[in-house]
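Before any questions on binding or motion, here is one chain by itself as structure tokens, the form predicted on its own.
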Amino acid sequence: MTDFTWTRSQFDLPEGVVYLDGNSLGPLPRAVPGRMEAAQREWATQLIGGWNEAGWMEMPRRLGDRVGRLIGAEPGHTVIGDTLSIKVFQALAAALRLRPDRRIILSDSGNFPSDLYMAEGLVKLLGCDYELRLVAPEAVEGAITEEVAVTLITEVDYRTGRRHDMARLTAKAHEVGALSIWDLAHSAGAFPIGVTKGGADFAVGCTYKYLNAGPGGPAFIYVAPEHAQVAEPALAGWLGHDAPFAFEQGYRPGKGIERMRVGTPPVLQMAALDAALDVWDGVDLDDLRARSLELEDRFIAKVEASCPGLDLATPRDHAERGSQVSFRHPEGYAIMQALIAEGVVGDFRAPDILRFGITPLYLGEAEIDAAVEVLARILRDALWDREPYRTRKAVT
């Protein structure tokens, strides 16, 4: 059994703050500063020798396997580096090359805009009648036809917390000869994922949300074994070369997942990720999921009992939701700003979503109850109805 009292002790959270935004940026694990200081000492004492002596060059693959365990991947098929948008682009370009006779990228209108922007840019770059086709989230399965080259789906909707069925949609894609790419940004560290069991061809994700690697934490990409040696990296970066230090003029892709490396790995940020992943060594993902659902149900029930005017946007069915709870309100932004001012930190997503991440590693019943009490008071006394709370900040 996972000891969630112990996991809570591993995080440095501000006194008096109820943090319900770990689905956007995870809090600081206590081990991170020391690990980053150690990496800085390696830099100071070993200088460029750290690439060999401190194992910096191997970190993307080593940490990839640590993340791979959390997403249900085979060892040796996940690598760390770059940003999520870059990894989306890599996976899309590789998938399209594996299906050269097809032109359709299928996604849904609930997908994260950055993923869609990358797809739009790739479509414009390729020309030749390539198309990004968008349908409503509930219409995805029916839209997977034989003209589709690849599906690009974020498993958990960033606004509502609605969860797609990875295994079912991937099976449908394979049935018609299409490939599947899954964005796990709101899945990795939120509940058990089975990219191998679910048959995913490619998967991508970030590490700064539920995995707590810190702002700007590096992304990851997974490539299924059957594609690892044939997927062509459109971004032919130096460190994705089969022999980067041979300094050859022409590009030869590296072996397997190594070919999905692009630029120089961010060593200090990976040191933070390495420390953050230590917490997960003692976590059973099934325990995590059960605890998350308990806390979500508690939050939903108490909000609906004491906060009139909020409409639940998250599915009630456990199988159809991730690890966040979202409510709608026309004044959602101002309400969230009032909440933050009172020490309850969630976030807002346009046009009207109040979003709350439920992360059992450091949240329990006491935090859930305290958050609801503050939210109810803000709504009852209209404390949100103040001009400072209506003024939009750069980050919402």
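Heads up: residue numbers just count along the shown sequence, starting at 1. In this text the structure is predicted, and so the values were computed from the model without any measurement.
Quick note: we don't show the form predicted together with a further copy of the same chain, though the next part is all about it.
- With a further copy of the same chain omitted here, the record of contacts in the model of the complex names 342-350 of 60-68, 365-373, 342-350, 324-332, defined by a heavy atom within 4.5 Å.
- Remark: all three candidate residues (25, 116 and 269) come within 4.5 Å of a further copy of the same chain in the model of the complex, counting heavy atoms only.
- For residue 204, no non-hydrogen atom is located within 4.5 Å of a further copy of the same chain in the model of the complex, even though that partner is not displayed.
- When contacts are judged by a 4.5 Å heavy atom cut-off, residue 158 counts as touching a further copy of the same chain in the model of the complex.
- Interface membership of residue 262, defined by any non-hydrogen atom within 4.5 Å of a further copy of the same chain in the model of the complex, is confirmed.
- a further copy of the same chain in the model of the complex comes within 4.5 Å of no heavy atom belonging to residue 336.
- Here is the short version: of 172, 298, 289, 241, the single residue with a heavy atom within 4.5 Å of a further copy of the same chain in the model of the complex is 241.
- In sequence order, 41, 43, 44, 45, 47, 48, 51, 52, 56 are the residues of 41-69 having a heavy atom within 4.5 Å of a further copy of the same chain in the model of the complex; the partner itself is omitted from this view.
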